[in-house]
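Single chain ahead, by itself, as structure tokens, in the form predicted alone.
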């Protein structure tokens, strides 16, 4: 029965697939409903509808509380997993309703879940080398509430194969944005910023991809704290643009050890979250808060530019940077990148037919499709895994 159901979906010429994504910014669940054709390098898609189910302040705080080892509780994490399963299911139902499509017509759901801990560096634990990652948003709830076959929990298989469990969107970048003529950087600026480097002769066995450092995460945290919770983020980068970068503070931040690490590498809230924001506030007591935001925003710009200059351009001059994610709306980030990398053409992924806010949700719809085709979709050169593996766990509907 299981193989028959998967084969029935896999063999369709056209599929309706929902991708669900909640990122490290913890602002909500992105849901993309797409018409999907083919798989692998033959993949093509049409976006039918994209929505975001925003988290209430209470749910957001509950997630953040249980992403911090000092405040997390085992019973809260247990409940959070099922609470977010309900939320992800609601997001899937909402996007189909807004598209005026019956959920029964949907063939497949791919859900990233919400990361609450990402610890990819192996440590010796009771005789075993243990690396780990934890995404919550119980897929059994999603499959049961929607009645749709669901693929979720993509990261653990790559970690089992010795990888970092991230990044995975580089596979999607390769099949959608590879050019035979240009060296391209596909840059996603979410809570964390990550890039994929595609040369004209790239194959999916040699692609460079890694997290560059913070994207919006630190900006959001500090906007919230320094404004007395009046603002959750710097809309359009206006606060950063009104401030002045503090060179000494920026120099201190650029000493972060993550920036010295060579790819493959990934990072998250554990390195650039609450504790790091506390440290910035502690060493910035005499700096006006809009100047702190300007400096932290510049840190995102500089860490991205450093990654391009240090890890990419010595071997291949970059022709084009294609930006997606929430950070693409931050004018201070975009203008900063244009200033720092003046010889590179910078544009948003919208110009390539991929809406900047929907890209990652679309990506997990595509990754779910690869899973039911039994196609490996991690890139060992990006994640550090020993081999290519099929990602995700398949949960039957009903």
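Positions refer to the first chain, counted from 1. Just so we're clear, the structure is a prediction, and the values are computed from it rather than from any experiment.
Missing here is the form predicted in complex with a further copy of the same chain; even so, the following discussion is about that form.
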Listed range touching a further copy of the same chain, judged in the model of the complex by heavy atoms within 4.5 Å, from 342 to 350, 329 to 337, 30 to 38, 59 to 67: 59 to 67
Quick check on this chain: which one of 261, 224, 203, 140 has a heavy atom within 4.5 Å of a further copy of the same chain in the model of the complex? 140
Consider the chain as shown here, without its partner, and state which of 95, 186, 87, 172 has a heavy atom within 4.5 Å of a further copy of the same chain in the model of the complex. 87
Is a further copy of the same chain in the model of the complex near all of 79, 128 and 156, within 4.5 Å of a heavy atom of each? yes
At 4.5 Å between heavy atoms, is residue 49 in contact with a further copy of the same chain in the model of the complex? no
Spell out, yes or no, whether the shortest heavy atom distance between residue 100 and a further copy of the same chain in the model of the complex is within 4.5 Å. no
Can you work out whether residue 390 and a further copy of the same chain are in contact in the model of the complex, taking contact to mean some heavy atom pair no more than 4.5 Å apart? yes
According to a 4.5 angstroms non-hydrogen atom cut-off, is residue 116 in contact with a further copy of the same chain in the model of the complex? yes
Out of 384 to 398, which residues reach within 4.5 Å of a further copy of the same chain in the model of the complex, heavy atoms considered? 386, 387, 389, 390, 392, 393, 394, 395, 396, 397, 398
